[in-house]
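Shown here is one chain on its own, the form predicted on its own, set out as structure tokens.
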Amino acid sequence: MFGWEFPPHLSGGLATATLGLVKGLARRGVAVTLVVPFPVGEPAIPGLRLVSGTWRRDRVRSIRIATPAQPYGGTSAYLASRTYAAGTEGTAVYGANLFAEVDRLAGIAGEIALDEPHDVIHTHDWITYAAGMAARAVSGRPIVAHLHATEFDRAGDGANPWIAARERDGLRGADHVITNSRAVKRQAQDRYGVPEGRVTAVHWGIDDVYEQWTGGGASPLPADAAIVLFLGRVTRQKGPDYFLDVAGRVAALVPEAHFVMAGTGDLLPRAIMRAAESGIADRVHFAGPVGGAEVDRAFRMAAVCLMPSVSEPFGLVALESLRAGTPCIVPPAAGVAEVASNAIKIDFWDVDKMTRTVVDLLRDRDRREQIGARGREEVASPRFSLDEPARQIEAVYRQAIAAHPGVGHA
């Protein structure tokens, strides 16, 4: 399996999704060798065994490739990370740009494929598709390409044509494609021409074992604060501008309302400026990136979680919110809206309706608790466990392997 992030190295929800998938596969007895590009300065430890009480430790190995490549940045973000990476001193030792890093990973992938026994190659998003192709060229094993978000989801009209081309080539060249929602499946078919019979939508599940907040400590917010939470990357895709639009309107109607933006991204400076210009700087709190038990704490502190994403291929944050018993508002086009009946569906552009709904939830504790209880009960069902997506993905593996007669263990 080729990925680009894995806890504690993460820049988005893919790290959490990959961790959940690997856990689920391990529970089913599927041995996984995970190859990830971690930033320079981290120790490269081939054969690292991931430690967790929820899986058999001999089932999963992680191989670290030293590179500063990151999924959500472009060339400028890559150059900045390379400049500050330990040992590089801003030199070109790791290539001139992100695309060079993708090619470098692909070059290493062939060597790994020679050494690591495998039946199938699983690649996550465009940055690893070339690596999968290189591995298949060596071993002849089938490729399953996982599409979590298209370049058009991330960038909209500003989509990078080079990334889109690599995305297209990787999806068309794969033996089978997995998407995390039916909406992304349609994109794979409509934008990239992947045939119906070669693409399967598999929705994500959520882990029932996670870091829960057990600490106390004084909150920096007033004791009576009614918190509206935004948790995710502060980027165009996640709709921080719409969150602040709602915040300004809600603040005028609910004096005890406070707003927390947890996350970082290229639009964070603009979000801070907008909060100040709107006159609500004292009620909008920028928490920065959160992880571990702090994520659970954020959901439990919040009265409602608002996800006004312009494009949301799935939306694991919504499941995490529901797991904590916190009502969550998501766009009806989000992948999670296809399966979570207790998420509140409102279009990201409908600021009026989002405002009314948030105000109603803040003012009506009983209704809020009822919605939260239903959401918590829903995501606790086996349908949302890690085992269900792992079962479906294992079936895809077996289908891909069966389509290659004579291919056994590499």
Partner chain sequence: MRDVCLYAQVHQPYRLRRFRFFDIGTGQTYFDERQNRELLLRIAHKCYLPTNQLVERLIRDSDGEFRMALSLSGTVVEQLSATAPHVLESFQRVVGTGGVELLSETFHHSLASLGQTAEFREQVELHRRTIARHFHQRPRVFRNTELIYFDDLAPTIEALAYAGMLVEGADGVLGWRSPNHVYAATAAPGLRLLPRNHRLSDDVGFRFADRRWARWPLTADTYAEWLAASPGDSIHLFLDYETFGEHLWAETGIFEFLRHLPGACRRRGLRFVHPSTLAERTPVGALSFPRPTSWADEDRGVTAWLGNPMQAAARARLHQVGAAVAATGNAQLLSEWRRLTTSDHLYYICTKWSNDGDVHQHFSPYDTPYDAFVTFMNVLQDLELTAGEAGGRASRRSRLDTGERAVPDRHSQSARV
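No experiment lies behind these values; they were computed from the predicted model shown. Positions refer to the first chain, counted from 1.
Only in words, not in the display: the form predicted together with its partner chain, which the text now covers.
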Is F152 a contact residue for its partner chain in the predicted bound form, using a 4.5 Å heavy atom cut-off? no
With a cut-off of 4.5 Å between heavy atoms, is R323 one of the residues that contacts its partner chain in the predicted bound form? no
Contact test in the predicted bound form: R168 vs its partner chain, heavy atoms, 4.5 Å: no
Although the partner isn't part of this model, could you tell me whether L253 comes within 4.5 Å of its partner chain in the predicted bound form, counting any heavy atom of the residue? no
Is every one of L221, A281 and P289 in contact with its partner chain in the predicted bound form, taking contact as a heavy atom within 4.5 Å? yes
Given that its partner chain is left out here, which of D103, D115, E294, D266 has a heavy atom within 4.5 Å of it in the predicted bound form? E294
Contact residue in the predicted bound form, from A174, L319, A226, V260 (heavy atom within 4.5 Å of its partner chain): V260
Only one of 136 to 144, 325 to 333, 192 to 200, 297 to 305 sits within 4.5 Å of its partner chain in the predicted bound form by heavy atom distance, namely 297 to 305
